[in-house]
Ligand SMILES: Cc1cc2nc3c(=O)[nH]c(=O)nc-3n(C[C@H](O)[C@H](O)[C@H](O)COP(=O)(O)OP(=O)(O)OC[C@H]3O[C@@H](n4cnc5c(N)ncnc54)[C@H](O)[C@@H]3O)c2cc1C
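One chain follows as structure tokens, the form predicted alone.
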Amino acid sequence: MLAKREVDVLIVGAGPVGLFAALSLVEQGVGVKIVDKHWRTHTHSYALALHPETLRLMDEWGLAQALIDNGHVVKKLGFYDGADHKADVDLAELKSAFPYVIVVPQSSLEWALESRLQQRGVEVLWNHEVTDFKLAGGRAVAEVTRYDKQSLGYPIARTDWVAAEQFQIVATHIVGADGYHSRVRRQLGIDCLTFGDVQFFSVMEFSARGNLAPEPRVVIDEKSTNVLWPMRGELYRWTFQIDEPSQHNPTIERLTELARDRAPWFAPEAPSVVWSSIVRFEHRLAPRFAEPNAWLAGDAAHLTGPVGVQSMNIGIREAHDVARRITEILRGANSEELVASYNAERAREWGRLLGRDGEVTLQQGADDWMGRHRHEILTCLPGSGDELEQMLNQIGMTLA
């Protein structure tokens, strides 16, 4: 018989979405446990672009200013067709308490969230994996395995992760914020729908002297979508769309070659690649995001291209929304109605973003180039909801 631990909400996944869901629940007086199968330390902290709405949500719990102080402020986004400058989005014109985007290391965001959880008495259970769960009797019953490092082998020792403890967590609700390969989603029997072809991106962060570009620059041609992000100090990141993983070559020569072909204005001084990765993306969407006592948020339920960082930012908003709904249910609200409206709202927003239920149209006088690339442009904008509509209007486009 496995030992049991009981809690209001079990959150699976301790990335930005899961941590924010946990904090949003704790701040409303709801008991949580949050588990993640990974060891928390990463060799590289990928830089994230936090949308204006994300900063507003962070500000609710007093975290926005610290993120702003530790990040790089972006107030404009440029669109290019090779050497030709096509349009600008002026974020400073947004009707928002935070009319800009912050580029910040993922570690800074996660540290801020985890530190606040610790202040509230909540510790993340790292190296804990949900190996199975079921919904029964209005509760989620999850089987959890804790892993420890153990030295094995003689005479040459090696270190492996081994199961050290198994127990159950019984929760009124379970939240799947466990990413692309979500265990929670799969246990619920939900298969994501895919749209379009798989896309590959060669990501290279590099240092260079001088101010290469004060704002992010999105470069779109007939074959690819690419973006140059300025980061803090003399760090920058190119994300190039490529046809297949074998085309990823993390050298300054390859970076210069790709940029010369796609962005002739790119002229770095003494560049040096400091980190790189090959990233696989596809447009995916879960047909439902919730059922009684179980919820999905973030990449567990959707995925889109990396340029506008929409999936993670909208995932944080979903985490906030899920926390609000769970809190209302625990206080006596109608669970069936709140689950149904969450599913409907998520389907409506992502249907528009992925081009299933909406259409981007050109306003009179807009550049034809914008029309040819309207679907790519939609996923490149660092916003959602009303802020996304405002950005589109600035460049002569409307999301119907």
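The first residue of the sequence shown is number 1, and the count goes up from there. These figures come from a predicted structure and were not determined experimentally.
The form predicted in complex with this ligand is left out here; the points below concern that form.
When this ligand is considered in the model of the complex, only one residue from Q106, S272, N249, T256 comes within 4.5 Å through any heavy atom, namely Q106. When this ligand is considered in the model of the complex, only one residue from V30, A47, A64, L338 comes within 4.5 Å through any heavy atom, namely A47. Across the options 262 to 270, 176 to 184, 85 to 93, 111 to 119, residues that bring heavy atoms within 4.5 Å of this ligand in the model of the complex belong to 176 to 184. Taken together, the three residues G13, V130 and P306 all lie with some non-hydrogen atom within 4.5 angstroms of this ligand in the model of the complex. A residue is said to contact a partner when one of its heavy atoms sits within 4.5 Å of a partner heavy atom; M312 meets this definition for this ligand in the model of the complex. In the model of the complex, this ligand sits beyond 4.5 Å of every heavy atom of R288. Although the partner is absent here, K37 sits close enough that one of its heavy atoms falls within 4.5 Å of this ligand in the model of the complex. This ligand in the model of the complex is approached by R237, whose closest heavy atom lies within 4.5 angstroms of it.
Of the residues in 362 to 393, none comes within 4.5 Å of this ligand in the model of the complex through any heavy atom.
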